[in-house]
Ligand code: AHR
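As a starting point, one isolated chain is supplied in structure tokens, in the form predicted alone.
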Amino acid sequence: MNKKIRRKLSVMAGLFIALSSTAWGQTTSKPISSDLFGLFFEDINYSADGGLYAELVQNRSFEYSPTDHKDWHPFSFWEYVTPGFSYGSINVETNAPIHPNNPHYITLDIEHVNNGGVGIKNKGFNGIAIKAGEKYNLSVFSRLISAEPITILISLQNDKGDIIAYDSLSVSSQKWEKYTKRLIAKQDCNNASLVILGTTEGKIALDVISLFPEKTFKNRSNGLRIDLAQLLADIKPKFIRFPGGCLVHGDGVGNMYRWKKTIGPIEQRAEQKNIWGYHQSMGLGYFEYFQFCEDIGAKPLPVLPAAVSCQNSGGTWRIGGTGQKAIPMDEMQEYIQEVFDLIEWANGPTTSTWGAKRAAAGHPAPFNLQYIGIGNEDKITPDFEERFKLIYEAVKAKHPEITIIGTVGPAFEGDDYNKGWKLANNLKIPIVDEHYYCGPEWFINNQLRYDKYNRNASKVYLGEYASWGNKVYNAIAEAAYMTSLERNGDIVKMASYAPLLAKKDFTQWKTDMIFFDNTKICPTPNYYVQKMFSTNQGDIYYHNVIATNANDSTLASSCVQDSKTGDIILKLVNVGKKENPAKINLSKFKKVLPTAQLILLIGEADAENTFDNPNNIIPILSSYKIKKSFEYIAPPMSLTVIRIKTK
């Protein structure tokens, strides 16, 4: 570590001692947020379609277009196939679709069948991963255009064209009908294709061709990929913020994420382009987000646009932000009603209009929504301020039980940050959302940021932060900063690392928590830091339990207690290259058990996890003997969590 950083750390440590200057043994405590550490999900880096959302078919509804990606069209990722000596034709049409929200479908004109058929093939998201013996649920909407029934052969095939699984169905109605089949794979294949062949001469329409593994997280229909969902569940987050970031307010007013378009049957959801340069099927919609939160015991935190689009709309990303557009003022009451309807959908009785829609989707009980975010790191313009104020005051008046989270721009300082905080103070917003991405040294050097905040002003949700890297040094720097979030848990009510997921070879953001492909997952050291803090949260913070050498201030620490279990949780973070001692005094606590649990994350500063070695850096769990007063030697470049039971 360079001398400049060490000097700053020394000054920082001295200030911290002054801020918490009670004599050794005179431990002080304060209540802190019980919702401190959670998750933020955004559909970036193919996090939803092709990622957490378990759908295996890409462009299942033929709604891809050049607005998603300049080379895409409704037939993208599909291949026209005519095995044997069969022939026919295929077209994309929009006349009489299943639903106006889903306008495109294909017609298959099977003119002649000879030793095969006429049809289409889909390779999913860089191949479909199939496991021997597993069941896969296929569904397709179809209607006859010609008179006689048509037989369709459905198969999963490997690269050689060998059939891995197959079944058939007969289309006999001239109205749209949903057909389902269960396919059982007879061999493993990481690069399979789904093939749909018409084997009877005639003409049919096809749409919403879907393939799901039968085993999804919690066995939910239209569900989530098990390994990724379980990795998130293992963090035990207190909340999940969704569906984004910049995705929320979108690329222009017409691309805003409107929650109502994401609920109901998947064939009725309105797909649209993703601001990150691909497509959203909306299969992972508001119902699925809320259901996942409930499944893992996390509070839902939906974020809605503040009636303005992303300031980076129109391709101006990172060039000053001049693209913000606003919903016209004469449409604002309708938009505010949309926010009211969300609250009713989430919390209302089944006798209410929107509560009945929730019940019809299979969830009669309320989702117990507590938080709503309005806006996402917006440019604080007059258009934004006027619309945010309207939304905020309307929701506050009608739903005082809902905690509204505002926004103070995209950085830890600057014009939007200052204007955002001024607005928050004027309106007395309960919580505001801060975002910042900085180098690891920034996180090491700014651990006193929230010690200096006004305790009587708006509280903070640190909604997006990361140190621009996935090496051990990045993770340990973030861990050091997270001890300051615990110390200031009376001000910082919530915090979530970002981005969460990134698909290999489809990554738009260079620092992420979890990398994955179709078959493998690669949690980063950053993931394990987040997990170690999140699974060891407390709701009481104790000063002066851990004493460190102020002249060698590469050690950050915190002490919290979980009032439900009585557990005392110590966290010690050594960002230096040498061992660092800390003295622990537990005299404040009664009936401390002598054997504690110790979790250690340690590695060389440049070490990281890779797909070839995903377990290179993982926490090490052991038991640890303690006394009322003891010394712990923190290894270099490490995070240690010591969890102590009390009788």
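None of these values were measured; they are calculated from a predicted model. When you see a residue number, it is the position in the sequence shown, counting from 1.
This next part talks about the form predicted in complex with alpha-L-arabinofuranose, which is not shown.
Is Phe212 close enough to touch alpha-L-arabinofuranose in the predicted complex, meaning at least one heavy atom pair within 4.5 Å?
No.
Contact with alpha-L-arabinofuranose in the predicted complex for Cys246, defined as at least one heavy atom pair within 4.5 Å: yes or no?
Residue-level check for Cys246: yes, a contact with alpha-L-arabinofuranose.
Within a 4.5 Å heavy atom cut-off, is Ala498 in contact with alpha-L-arabinofuranose in the predicted complex?
Looking in the predicted complex, residue contacts with alpha-L-arabinofuranose include Ala498, since a heavy atom lies within 4.5 Å.
According to a 4.5 angstroms non-hydrogen atom cut-off, is Tyr453 in contact with alpha-L-arabinofuranose in the predicted complex?
No - in the predicted complex, heavy atoms of Tyr453 and alpha-L-arabinofuranose never come within 4.5 Å of each other.
Within 4.5 Å, heavy atoms only, one stretch in 34-42, 617-625, 65-73, 594-602 touches alpha-L-arabinofuranose in the predicted complex. Which?
That would be 34-42.
Considering Phe77, Trp276, Trp354, Tyr179, which brings a non-hydrogen atom within 4.5 Å of alpha-L-arabinofuranose in the predicted complex?
Of the candidates Phe77, Trp276, Trp354, Tyr179, Trp276 is the one lying within 4.5 Å of alpha-L-arabinofuranose in the predicted complex.
Which one of Ser558, Asn376, Thr554, Asn488 is close to alpha-L-arabinofuranose in the predicted complex, taking close to mean a heavy atom within 4.5 Å?
Contact with alpha-L-arabinofuranose in the predicted complex is made by Asn376 alone.
So which residues in 421-450, when you check alpha-L-arabinofuranose in the predicted complex, have a heavy atom no farther than 4.5 Å from it?
Stretch hits, in order: His435, Tyr437.
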